[in-house]
Structures are given as structure tokens and as C-alpha cells.
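So this first bit is one chain, no partners, the form predicted on its own, shown in C-alpha cells.
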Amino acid sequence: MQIFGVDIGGSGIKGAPVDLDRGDLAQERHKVLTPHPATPDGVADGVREVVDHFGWTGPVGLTFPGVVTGGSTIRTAANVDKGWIDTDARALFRERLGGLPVTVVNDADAAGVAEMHFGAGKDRDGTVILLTFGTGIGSAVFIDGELVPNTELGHLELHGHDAEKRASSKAKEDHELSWEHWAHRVQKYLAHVEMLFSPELFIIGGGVSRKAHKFLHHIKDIRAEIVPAQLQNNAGIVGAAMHAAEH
């Protein structure tokens, strides 16, 4: 069974048909840059470009980098235009995609569900936290396999700032940090999350998961096991498709 998944991020909008039996992309993904400002209309146009690239005419699952309530209403917009707040995203995307069936879910929650079913979190009980490091820091918290939605732990305060302003991969680039220096910031963030939730496992997702060998060994003094996401930066696309299939 194939469903189309689209992962909307602060820097890129990427998507592809997903083989839900294998938990992997059925075709090579297509990506366009997220417009700046990332307004609802601009992002919707980008999503349409990605979907049209494949000539897709079936259901589409989409992620959004913020809190999504009721499967449709956007409540936060930290790394996109504030015009998203209170937008009915499902109606917007359905209209822009010519009436195709559409679902919308938080981006990190989608990535987490994919990792728990097909990746690093498969068959893991207890508290598992996936953290995606990109333009911001997304989070997905699971307790015995059940998702606690819309946690947004990237906005925990760390040294007087949103944690994602200091420890996201964008912060690494903006401040031209070495992998080791950035890893020390990530370690402080993980220690704070660990104090609050005492997870058995951290899964590190986002684009940096492809480069885990450059920084994970610098992270010390964390009791939880720390592993990179197995689906890497495709987890959001797979999770979006899974969400669409479920709904």
C-alpha cells in the first residue's frame, strides 16, 4: 500500500510516495525550499509543487512544524510565519491540492511514530523521546509505545533561551560551532530533558542523524541510551503517510 507523505520544515518541503508495508519511500523524494516568509499560501504552493511532481491523485499526509490540534488547527508557528496561527491547515491544503484527502500532524510526532514502528524505537517500552534537530528542535514522547502529542520540548528554557535557539542544527550553523562544541550544547539540553522525563531512550532525528558519528561520541553523562534515527530525515515523510493511512 502506498500513501503520499509530505514533511514541511523551516528550510525545506519534501515528499514522496511511501510504501507502508516496508516503512520506506517508494520513490526518491522531491524537495523544494520553504518560502520566506513561510506564509500559509506560500507553503501551500510549495506542497502542491511537491505533490504535482509525482502526479499524485490519492490521499496525502502532511506534517507541520508546530502544534496541530483536532487534526487541523495550527496553534503555534515558531519557525514559520505567524499567519499560520489558528489556520485550518487541512482545509487549506485540501483546497490547494484540488480536493485530495488530506491529514495534518505535528512534524516530530510523525517522525516519532515512524521510528517507533519501523526504526530505532521498534519494540521499545518505557519512555522513549525522539528529538529532531533542524531549523528548530522537535520532540515526540512515547510511553510504552503510546504517543503524547504536541510536546514541543524544543521550547524548554535553557540558560534563559528557548533550547532550540542554542542547540538546533540551525544554531550550529548560525554560530559556526564545531561538532564537539555543538554536542556539548546538545548534552546540556538532553540532561535537562532527562531530568524532567527520565527516558530509557533518546532517538536523535533530523538531518544531523546522518552525521551521528561526528557528534554522538562527544555527548557524555546521559543515563539514557542515545541512538540516531534509523529512517534519518525521511522519518517525517513516512510518519505523515502513516497518519494519513490511519485516518
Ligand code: BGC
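Because the structure is predicted, anything quoted here is derived from the model rather than measured. The first residue of the shown sequence is 1; numbering continues from there.
Note that the form predicted together with ligand BGC isn't included here; everything after this is about it.
Asks: Check whether T87 has any heavy atom within 4.5 Å of a heavy atom of ligand BGC in the model of the complex, and answer yes or no.
Replies: Output for T87 is no: heavy atoms all beyond 4.5 Å of ligand BGC.
Asks: Can G136 be called a contact residue for ligand BGC in the model of the complex at 4.5 Å between heavy atoms?
Replies: The answer is yes: G136 has a heavy atom within 4.5 Å of ligand BGC.
Asks: Any chance K122 has a heavy atom within 4.5 Å of ligand BGC in the model of the complex?
Replies: Looking in the model of the complex, residue contacts with ligand BGC do not include K122, since no heavy atom lies within 4.5 Å.
Asks: Does L201 reach ligand BGC in the model of the complex, with heavy atoms at most 4.5 Å apart?
Replies: Contact check for L201: no, nothing within 4.5 Å of ligand BGC in the model of the complex.
Asks: Counting non-hydrogen atoms within 4.5 angstroms of ligand BGC in the model of the complex, say which of L158, A78, L147, A171 makes the cut.
Replies: That would be A78.
Asks: Can you pick the one in A38, L190, V47, V67 that has a heavy atom within 4.5 Å of ligand BGC in the model of the complex?
Replies: By the 4.5 Å criterion, the partner-contacting residue is V67.
Asks: At 4.5 Å between heavy atoms, only one of the stretches 87 to 95, 103 to 111, 171 to 179, 122 to 130 reaches ligand BGC in the model of the complex; which one is it?
Replies: After filtering at 4.5 Å, what remains is 103 to 111.
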